[in-house]
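Take a look at this single chain in structure tokens; it is the form predicted alone.
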Amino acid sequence: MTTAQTPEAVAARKAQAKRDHRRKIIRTIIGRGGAYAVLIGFAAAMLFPFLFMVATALKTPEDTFRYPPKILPRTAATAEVGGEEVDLFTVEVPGEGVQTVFLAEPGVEAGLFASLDDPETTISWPLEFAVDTGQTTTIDGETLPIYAVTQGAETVDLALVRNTAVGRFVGLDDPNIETFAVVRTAERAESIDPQWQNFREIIDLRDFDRSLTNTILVTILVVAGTLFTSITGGYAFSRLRFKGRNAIFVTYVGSIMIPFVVLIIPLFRLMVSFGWVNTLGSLVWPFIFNAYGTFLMRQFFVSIPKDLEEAAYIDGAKRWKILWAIFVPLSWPAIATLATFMFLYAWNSFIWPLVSINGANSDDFVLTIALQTLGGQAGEGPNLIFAAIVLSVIIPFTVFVFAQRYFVENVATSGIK
């Protein structure tokens, strides 16, 4: 038995459903908007040091030591007036507001005047525009004469605190605009002017370009060598059956737990016996055999179905063909991840290059060593140091951005059986 609903009840139910739908949309917008706001805030906080580094690399030394600091690189603005280059200032002009002016006359006899109502408010103005009224006032227990000071079209009574000197400033676009201010405290006009030549200067300083080239060469060789040994080693430990395979694999992977500082001395002695000290070979050969890379590739190869390998066997393919034609194309996420890790490791390596490359052999310096020595050469120019850091960071940053897709894909597929 059903109960007939009146039109009013049906309309009320529809109206309530619409209100509930609107509330749901509003809650969703507020929730997602808040989440995005928090994420954007964290992203901005993490990106700020990087952006500040890039901005500082484009500054002049004077702009670097500015206080309070400003983010964008700025330089003092200049202009050509009467065939002569002059500095520009931003000064408050009575009746005209803030104007861009240049210094036409540096020394004009003036006085420091204080307001009668607010003695803390002072102004420096030429005495030729001030007339002694013959009256006096007392400020902080000191009797001061009162002058009628003319500023543009306005004349006010001010107390003369002391004599001083000001500069006469003339408008850049309108010569009829004239004002006076203390030259020492006048605010310089500035323009945003990135100093791209800082990168050229840092490259020319102590063969920084040679260090950059060495780092690129060493990194490419280490990454290529590690990929080759890790792929072949991972395939051997995952597909080949031989006596002692598991014991050798456990021992090899267990070497990851040995701290590198323990290996520095025996590794250096080994480089001495081979005659590789002070050569780029000492930065490459010890690191092309990587237990972590072999472990990573072995684990990825294990997840590949054996049916593919057996089908290739039936078609007459050999193991070398199976490895490079089947396993490697299926393993790009793992290969990209390993290449990214090894790239960052080789690029940022510092302790071993510091030990194996003599300080006098600057021809074989890598970036990390060059940056260390640069701190003493360009200590008075932080902008140059930041420019060198930007050059050191931009290449690995670009590599990571392009390899991120494969890296994320590897993480996403690592839990899929």
Partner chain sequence: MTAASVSSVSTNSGEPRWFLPLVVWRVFTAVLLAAALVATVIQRGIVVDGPVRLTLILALIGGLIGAGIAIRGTLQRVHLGRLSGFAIDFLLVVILGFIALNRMGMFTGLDAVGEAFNGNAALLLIIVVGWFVSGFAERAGGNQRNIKLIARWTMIAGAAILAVAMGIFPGLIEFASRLVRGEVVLFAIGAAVSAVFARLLWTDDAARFFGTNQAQSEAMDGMLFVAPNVLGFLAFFAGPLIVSAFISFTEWDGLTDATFVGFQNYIDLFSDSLFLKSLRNILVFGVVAIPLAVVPALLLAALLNSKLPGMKFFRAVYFLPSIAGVVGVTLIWKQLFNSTVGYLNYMILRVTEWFGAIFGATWEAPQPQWISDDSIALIAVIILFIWQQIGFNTVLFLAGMQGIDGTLYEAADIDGAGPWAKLRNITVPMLRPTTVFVVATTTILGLQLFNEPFILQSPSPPSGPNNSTLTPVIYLYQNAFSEFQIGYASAVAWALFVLIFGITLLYFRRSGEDGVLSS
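All values derive from a computational prediction rather than experimental measurement. Numbering follows the first chain given and starts at 1. Only the largest set of C-alpha atoms that superpose within 1.5 Å between the two forms is called the rigid core.
Unshown form predicted together with the partner chain; subsequent notes refer to it.
The listed set T213, T121, T133, T143 contains one residue whose heavy atoms approach the partner chain in the predicted bound form to within 4.5 Å, identified as T213. The partner is absent here, but in the predicted bound form a heavy atom of G233, alone among P194, G171, P126, G233, sits within 4.5 Å of the partner chain. Looking at 102 to 110, 135 to 143, 240 to 248, 175 to 183, the stretch with residues near the partner chain in the predicted bound form, meaning non-hydrogen atoms within 4.5 angstroms, turns out to be 240 to 248.
Interface membership of P286, defined by any non-hydrogen atom within 4.5 Å of the partner chain in the predicted bound form, is confirmed. Mapping the unseen interface onto this chain, F199 falls outside it, with no heavy atom inside 4.5 Å of the partner chain in the predicted bound form.
The partner chain in the predicted bound form is not approached by T78, whose heavy atoms all lie more than 4.5 angstroms from it. In the predicted bound form, the partner chain sits beyond 4.5 Å of every heavy atom of L391. With contact defined as any non-hydrogen atom lying within 4.5 angstroms of the partner chain in the predicted bound form, the contacting residues in 320 to 352 are W320, L323, L344, N348, F350, I351, given in sequence order.
Superposition on the rigid core between this form and the one not shown places the CA atom of T78 less than 2 Å from its counterpart. The rigid-core alignment places the CA of T60 less than 2 Å apart between this form and the one not shown. With the core held fixed between this form and the one not shown, G281 has its Cα displaced by at least 2 Å.
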